[in-house]
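Starting off, we have a lone chain in the form predicted alone, written out as structure tokens.
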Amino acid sequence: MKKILILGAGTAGTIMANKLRKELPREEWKITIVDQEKVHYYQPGFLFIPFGYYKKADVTKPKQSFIPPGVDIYFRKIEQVIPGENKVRLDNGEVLLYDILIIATGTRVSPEETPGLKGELWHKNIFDFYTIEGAQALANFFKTWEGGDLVIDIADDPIKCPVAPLEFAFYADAFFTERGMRNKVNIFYVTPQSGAFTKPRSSKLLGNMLEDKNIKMVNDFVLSEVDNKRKVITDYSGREVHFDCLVSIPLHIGDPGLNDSGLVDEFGFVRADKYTLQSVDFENIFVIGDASNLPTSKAGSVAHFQSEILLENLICYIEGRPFTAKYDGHSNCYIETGYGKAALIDFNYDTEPLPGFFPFPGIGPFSLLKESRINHYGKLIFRWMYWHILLKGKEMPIDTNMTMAGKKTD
């Protein structure tokens, strides 16, 4: 019996486990998935926790609930990947063999990489919201905070869900306005980018939103250290920004278990062909989602679109045929803007976010590059779709490759 081994039971790995189990004969293929955590987190929901809209129970479920019958699961840490021998060693010494390896280990925040970030003020005046612990600690802090300088800082790229820091800034503006203390809170959006986003048209729109909401943007700021005594962050050129509350998006790294595999770049992300998702180093290894070094967003929508491409190409690989599917970099993201509204962007490797309607031309119901209430409801509804449709590998009513239908280019 041949073996497919999936590393990671997050969004990408879980989707692939479900799709492959439906596609491949059980008498011919053994499918195994490995993950060190037993809890599955709906990570887009972390944004809502600091502001009291979601609690931990709203964003957590057991991972085992989404792994289909006929797929073996190991809740262990990955110790070492040995691609030359088709082996993966777990932290208990057990060795798993594979014919095909799918790496879906995601990415994780690494605050300890920045001097002072995880210092004496960590989870007291300095927080992240990319972990459940950080989001909960920040929610408790906001309950009694009386105001001051609120700094949202992106240490450096790449990060998970690139629009989430912007969403946090917009939500903070609405949250403190609704509490009657916006005049006591100075909000700073500090980014290593030259604008609010990586794509020109959306960067202009989002930058204007920051200005309209009196959120001060500090550009081209790559975090070098955090001074806990003086409450300032410093970039590599010596610029400083003072904070009373620092909301940090720390440096992101790949799974440490991949470090000695020869498969990853300097940040720990798997080197792969950006169209086929195949490792550039070993033909029987593939990557999906945040674990890759592909030039696209590290977001759940990317994992969803990639899963369709990867499934088709895996079948081609198994049958000894040339790859027939090509990932075009498709990504889309809802952007919460506060006050019950949100924007939506849809783009790929070659096309930046454009205005228009999604997914149906002329009628939407979602508008692109424009705030609306229906976009906000779309993001809220997506949580149900995530748990009940997406993770289980079911069909979603969205094209895998980006389409220009409904988009305005002029």
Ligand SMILES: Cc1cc2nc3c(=O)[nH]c(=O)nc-3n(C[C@H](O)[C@H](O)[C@H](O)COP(=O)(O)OP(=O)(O)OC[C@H]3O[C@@H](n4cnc5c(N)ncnc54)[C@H](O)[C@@H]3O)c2cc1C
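Just count from 1 along the sequence shown to find any residue number. Bear in mind that the values here come from a model prediction, so they are computed numbers and not experimental data.
Below, we turn to the form predicted together with the ligand, even though it does not appear here.
Residues of just one listed stretch (204-212, 186-194, 116-124, 289-297) have heavy atoms within 4.5 Å of the ligand in the predicted complex: 289-297. Residue contact check for G10: one or more of its heavy atoms lie within 4.5 Å of the ligand in the predicted complex. Using a 4.5 angstroms limit between non-hydrogen atoms, C161 touches the ligand in the predicted complex. Looking at H376, you'd find every heavy atom of it more than 4.5 angstroms from the ligand in the predicted complex. Interface membership of D346, defined by any non-hydrogen atom within 4.5 Å of the ligand in the predicted complex, is ruled out. This chain lacks the partner; the member of F243, F269, F129, Y327 within 4.5 angstroms of the ligand in the predicted complex by a non-hydrogen atom is F129. The contact residue chosen from L150, I78, L138, L96 relative to the ligand in the predicted complex is I78, the criterion being a non-hydrogen atom within 4.5 angstroms.
Looking at 237-264, the one residue that comes within 4.5 Å of the ligand in the predicted complex, counting any heavy atom, is D255.
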